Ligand SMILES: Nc1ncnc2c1ncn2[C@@H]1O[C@H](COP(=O)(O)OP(=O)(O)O)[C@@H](O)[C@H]1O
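Below you'll find only one chain, the form predicted alone, shown as structure tokens.
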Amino acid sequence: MEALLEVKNLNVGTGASEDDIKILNDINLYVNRNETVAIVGESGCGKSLTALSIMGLLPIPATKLISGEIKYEGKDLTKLSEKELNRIRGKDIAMIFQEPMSSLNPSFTIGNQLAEVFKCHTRFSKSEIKKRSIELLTKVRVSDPEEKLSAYPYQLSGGMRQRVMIAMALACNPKIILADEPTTALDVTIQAQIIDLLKELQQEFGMTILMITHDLGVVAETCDRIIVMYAGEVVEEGRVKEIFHHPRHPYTKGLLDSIPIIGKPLERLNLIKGNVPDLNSMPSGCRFHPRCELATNHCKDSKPGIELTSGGRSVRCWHPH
């Protein structure tokens, strides 16, 4: 079965000079139709940058695509012109951007910002755009949708702004949505509502979702597969149940061990010592070895490759569990 979206050997650099520092190193991933895949990891691991690379929205000149393929329905997006990419971006592939508080333009009304999507990708009349916008806001459970069209982002709560972002992503019935931290900065009750909404919309529209998050609770509830990233590399991949019950990479195990468990006696949470390495001081060998309790001299000196195992699982480690 051909994947709807496939990233092959993606390398992204700083773009600062000829001596590029790799931010993303040989990223390989795929997403099948009607599948929900999560990319997880700490802040600074390259999750959002991977999504921006797929959308062709890398911040220039701070970063640049060095090499690799990004295939959508077999077509390499990296080979398309900006005009050709614009026909796909926002229509077939849409993105729910991080931080709804700052992603919406404060100078324009909600109605204007929704209308822009339709103007770019449809030939709807002004009345059709308004009708469709109200339908979308109703679909994502925004109260008084017609009234909200004339509202500015600052007049809406964080949860309402996130719903508007989802409505904008859904406007042209995309085949795949990249959801970048869709529940960040929202309180727990609103987070649950947003996740339930995404699940319902996926079932209704048959969408494919690539979700970027650090919330493993969200992953357990909504996703089919997990891709774990660390310091710009994929370190483990597998089905959700397999990863949760039997993580193979020490970093994945550390992430799972740091989750508080309801009903478990209150103790100190497990921590992964240290921090994600700085781009200018990336460790040799395995990038995780300075924080890994299993690290040996071999881990410090030699870079592990991706080991493929049965059932579609993979791990980048010299000492997998």
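Predicted, not measured: the structure shown is a model, and the values here were computed from it. When you see a residue number, it is the position in the sequence shown, counting from 1.
Below, we refer to the form predicted together with the named molecule, which is not included among the displayed structures.
Only one of G285, G56, P290, G44 has a non-hydrogen atom within 4.5 angstroms of the named molecule in the predicted complex; which is it?
None of the others qualify; the residue that does is G44.
Indicate whether the named molecule has at least one heavy atom within 4.5 Å of a heavy atom of T36 in the predicted complex.
No - in the predicted complex, heavy atoms of T36 and the named molecule never come within 4.5 Å of each other.
If you check in the predicted complex, is A62 within 4.5 Å of the named molecule, heavy atoms only?
Judged by the heavy-atom cut-off of 4.5 Å, A62 is in contact with the named molecule in the predicted complex.
Considering only heavy atoms, tell me if I23 and the named molecule come within 4.5 Å of each other in the predicted complex.
I23: contacts the named molecule in the predicted complex.
Indicate whether the named molecule has at least one heavy atom within 4.5 Å of a heavy atom of T296 in the predicted complex.
No.
So which of 25-33, 66-74, 47-55, 248-256 is the stretch with heavy atoms within 4.5 Å of the named molecule in the predicted complex?
Among the listed stretches, the partner-contacting one is 47-55.
Given a 4.5 Å distance limit between heavy atoms, list every residue of 166-184 close to the named molecule in the predicted complex, or none if there are none.
Counting only heavy atoms within 4.5 Å of the named molecule in the predicted complex, no residue of 166-184 makes contact.
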